[in-house]
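Single chain ahead, written as structure tokens, the form predicted on its own.
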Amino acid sequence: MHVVFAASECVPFSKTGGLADVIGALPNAIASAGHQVSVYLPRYRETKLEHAETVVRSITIPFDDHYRFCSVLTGGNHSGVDYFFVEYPQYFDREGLYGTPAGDYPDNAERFALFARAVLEASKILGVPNIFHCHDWQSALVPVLLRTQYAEDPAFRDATSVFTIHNIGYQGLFAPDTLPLLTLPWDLFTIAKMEFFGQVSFLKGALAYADSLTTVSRKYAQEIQTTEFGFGLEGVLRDRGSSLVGIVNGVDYDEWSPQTDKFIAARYSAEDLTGKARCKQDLLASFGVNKTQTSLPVIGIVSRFAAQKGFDLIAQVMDRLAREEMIFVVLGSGDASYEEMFTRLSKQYPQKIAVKIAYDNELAHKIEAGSDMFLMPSKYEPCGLNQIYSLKYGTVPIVRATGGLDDTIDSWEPRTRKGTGFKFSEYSGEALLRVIKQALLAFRDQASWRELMRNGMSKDFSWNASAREYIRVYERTRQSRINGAAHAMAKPVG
């Protein structure tokens, strides 16, 4: 089977968030399973290519005002995956991927429409896949074009599409006159297709036209079909519910494992946990906390400071938490109000709450290894990665039961010695306070706590497991096409 990934970012070439990590890892896992895999990306200013060669010299992309001509470069084959880059400097040779600190680029619709058409046209030359696997709104026009303007193109007779929602809050919304500018027909501007409260939604177009839909956890697949989490698209997703599958993201254990981590003070494993105590000492030293405090439980946080991440709940109860026998170590940045809150608390409780307002990858590793617990009280979390890293490091997660946090963490049951962490459901400061106190009480029984740690460390959230689920989606999508059912499944619904 040949799978083409179309996405807007991918490590090590370009990155703004977790999408880049997924596209940097999942194609490799699919290729390792024996499939042919290609990845298409824009060539941004930050994209560094060694020995790049032009493989498609000129692709004509129609726009209402005039044609644009782009090319495609090869980035070589890495771990069995072929990388291709759409080059059009007027659109992609810019400082940021999607915008500036002042906001999104005003021509993002044109930029990513050109990218989508270039992927389809280049694939005619470089190889039409069985599956176009597209990610988030920036590549959402690929499935739309496949079933509209390219529907009668014999080159794509057997091609199907899978679309993955990484965060439904980002929808690619543009003014209605975007459609004629991109030479897309006005009949797409209906409630059953791409119209969204008077705007054009690239994401909604993919939800209507892709053959299969996935998102990044089973719980999030359920949540986005509700008013609370659907961002206005819950009706479309309910109508497509039989085609929507939640698959938890994998993690890279080559980078995130206490047995191999190059950033931590001592390496350790589930069989030999002695190195974790040294990591705890090193972490406290890194934050300037008195080493004599190592007997106290340490709760780590590595996050963007935002209400979505549950920091409004932390603000409600942090003064009371500071009276507990524990230490907080916090790394992150974001909303000024939360930065100021943590700065104030660290001055008020210098040996209880230690804070660094920054992004620091090495320190993030030290927090995962040196903390006893890791806190993620998110309001919503499509998948989440830090709780999965924490499991591998024997750092017990405390999470809100939402999205991927709910899927990946099992509540600890002291009587049965089963479970991997602590969860709360009600989105309130009081519920957060209760679950943290529950974890602190459990920490006093160190024998059972070590068993809890080992439960988490034994879990496997590698990309190979996720890849197997994606391959099953690909196979079902292809079979539906073969059986003649894909047309009915992809028919736009309201």
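Numbering starts at 1 and follows the sequence shown. As the structure is a computational prediction, the values presented were derived from the model and not from experiment.
Not pictured, yet referred to below: the form predicted together with a small molecule.
Listed residues S303, S123, Q225, Q171 were compared with the small molecule in the predicted complex; S303 is the one with a heavy atom within 4.5 Å. Listed residues Y338, Y83, F424, W256 were compared with the small molecule in the predicted complex; W256 is the one with a heavy atom within 4.5 Å. Stretch-level contact check against the small molecule in the predicted complex with heavy atoms at 4.5 Å: of 113-121, 382-390, 230-238, 314-322, the positive one is 382-390. Mapping the unseen interface onto this chain, S333 counts among the residues with a heavy atom inside 4.5 Å of the small molecule in the predicted complex. Contact annotation for V473: none of its heavy atoms lies within 4.5 Å of the small molecule in the predicted complex.
Interface membership of Q308, defined by any non-hydrogen atom within 4.5 Å of the small molecule in the predicted complex, is confirmed.
Although the partner is absent here, W186 sits far enough away that none of its heavy atoms falls within 4.5 Å of the small molecule in the predicted complex.
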